[in-house]
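Consider the single chain below, provided in structure tokens and representing the form predicted alone.
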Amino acid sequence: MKRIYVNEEWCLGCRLCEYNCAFANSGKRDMVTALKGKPIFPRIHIEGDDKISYAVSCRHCTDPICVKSCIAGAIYKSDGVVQIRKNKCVGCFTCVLVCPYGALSPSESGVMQKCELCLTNSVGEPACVKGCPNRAIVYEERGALNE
């Protein structure tokens, strides 16, 4: 299965992935209308310091603990992609607490959100990958993972 991978040595920490993600999931046609002067709620986050920075997003684990721990049954896995039924999420933050990668966060409405590989927003290739100026974020298939 194709997944998002980050090459930390290429990441500039520019946060363009965050803005592209927030825009792609905003439902708006224009980035300025969607984001200007508003708090953004990306599904990918930049972490790091002056020496190294990297993007953090869902790894779509083989056996995801977030799915097992979701008390509302809102998180599920379909065709290898971990997704959230927003209408079922109760905002308890259990998934945030159990995710070893820090991939989940609250959305503007308070329900949880995470990277869903841009499958639900009809962008096609993940927006963070398209918007990375240094190609530090890639969407590709690699060898077997033991997560």
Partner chain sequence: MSIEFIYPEFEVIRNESRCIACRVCERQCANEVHSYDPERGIMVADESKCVNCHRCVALCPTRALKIVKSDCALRENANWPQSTINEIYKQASSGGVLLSSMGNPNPLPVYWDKILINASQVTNPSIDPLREPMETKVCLGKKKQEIRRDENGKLVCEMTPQLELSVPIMFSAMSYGSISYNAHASLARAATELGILYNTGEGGLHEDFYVYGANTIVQVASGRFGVHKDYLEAAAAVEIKMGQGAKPGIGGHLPGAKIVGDVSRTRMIPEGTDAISPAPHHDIYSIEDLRQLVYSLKEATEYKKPVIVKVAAVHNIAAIASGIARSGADIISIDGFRGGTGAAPTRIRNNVGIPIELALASVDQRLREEGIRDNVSLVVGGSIRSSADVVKAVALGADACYIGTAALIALGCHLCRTCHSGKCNWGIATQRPDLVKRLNPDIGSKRLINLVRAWQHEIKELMGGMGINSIEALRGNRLMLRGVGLNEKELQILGISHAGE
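Because the structure is a prediction, the values reported are computed rather than measured. Numbering follows the first chain given and starts at 1.
Here the subject shifts to the form predicted in complex with the partner chain, a form of this protein not shown in this document.
A.B. asks: Quick one: does residue 125 come within 4.5 Å of the partner chain in the model of the complex, counting heavy atoms only?
C.D. replies: Close contact is absent here: in the model of the complex, residue 125 is far from the partner chain, nothing within 4.5 Å, heavy atoms only.
A.B. asks: Using a 4.5 Å heavy atom cut-off, state whether residue 8 contacts the partner chain in the model of the complex.
C.D. replies: Taking the distances in the model of the complex, the answer for residue 8 is yes, it comes within 4.5 Å of the partner chain.
A.B. asks: Contact with the partner chain in the model of the complex for residue 36, defined as at least one heavy atom pair within 4.5 Å: yes or no?
C.D. replies: Yes - in the model of the complex, heavy atoms of residue 36 and the partner chain come within 4.5 Å of each other.
A.B. asks: Would residue 15 show up as a contact with the partner chain in the model of the complex if we use heavy atoms at 4.5 Å?
C.D. replies: Residue-level check for residue 15: yes, a contact with the partner chain.
A.B. asks: Can you pick out, from 32, 92, 119, 97, the residue that has a heavy atom within 4.5 Å of the partner chain in the model of the complex?
C.D. replies: By the 4.5 Å heavy-atom cutoff, the listed residue in contact is 32.
A.B. asks: Tell me the stretch among 74-82, 48-56, 111-119, 98-106 that has any heavy atom within 4.5 angstroms of the partner chain in the model of the complex.
C.D. replies: Comparing against the partner chain in the model of the complex, the contact stretch is 48-56.
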